[in-house]
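Given as structure tokens, the chain that follows is alone and in the form predicted alone.
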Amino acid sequence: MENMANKVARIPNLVDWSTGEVRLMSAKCNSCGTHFFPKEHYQHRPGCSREGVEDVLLPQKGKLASYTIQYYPCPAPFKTEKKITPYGIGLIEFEEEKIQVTGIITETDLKSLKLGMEMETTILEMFTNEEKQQVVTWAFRAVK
């Protein structure tokens, strides 16, 4: 994994890289077994008592369940210093957790995308903030 020392998440409590892998910060409800993302999204299932919710890191790898390719810049407030168009938006399924998460597809030949292919969670460098830190968000890329 690349050096993460000077990176900061655009939105706190969504992505974690403290284990050496980039992983999404999810939660699991022990009342109904539902995983949800972001982890603060407690209204996950009607009628659930929502007791025993615990923080869970999603696996680093999942499967591409759906995708689209965008040929225009990401709308505000999303911003990047580098041009990323065209870019893919992928729906990644974490099978065991029965959850799908959407994210930008990066570092991947968009023509090679195939449903069911293995993808891994990574980061996308967005911009440099006033403290000279790289502001990042989560993204997905094809597993090589």
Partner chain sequence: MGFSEKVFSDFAAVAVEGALKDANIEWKKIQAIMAGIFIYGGNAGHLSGQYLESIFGETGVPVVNVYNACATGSAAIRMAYNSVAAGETDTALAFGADVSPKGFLTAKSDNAVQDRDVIRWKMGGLPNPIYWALECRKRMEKYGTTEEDLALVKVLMSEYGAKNPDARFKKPYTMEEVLNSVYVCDPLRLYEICPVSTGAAAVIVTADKELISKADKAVKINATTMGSSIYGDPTIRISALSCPAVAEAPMLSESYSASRQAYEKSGIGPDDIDVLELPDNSSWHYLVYLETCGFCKEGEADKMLRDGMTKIGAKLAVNPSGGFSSHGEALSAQALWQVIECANQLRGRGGARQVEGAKVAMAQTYGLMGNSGTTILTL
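These figures come from a predicted structure and were not determined experimentally. Residue numbers count along the first chain shown, from 1.
This next part talks about the form predicted in complex with its partner chain, which is not shown.
For the candidate set 68, 49, 112, 30, a heavy atom within 4.5 Å of its partner chain in the model of the complex is found for exactly one residue, namely 68. Contact between residue 61 and its partner chain in the model of the complex is not found at the 4.5 Å heavy atom cutoff. Taking the partner from elsewhere, residue 98 is found to have a heavy atom lying within 4.5 Å of its partner chain in the model of the complex. Within 4.5 Å of any heavy atom of its partner chain in the model of the complex lies no heavy atom of residue 22. Remark: residue 82 does not count among the residues lining its partner chain in the model of the complex, judged by a heavy atom distance of 4.5 Å or less.
Scanning 109-144 for heavy atoms within 4.5 Å of its partner chain in the model of the complex gives 115, 126, 136, 137, 138 in sequence order.
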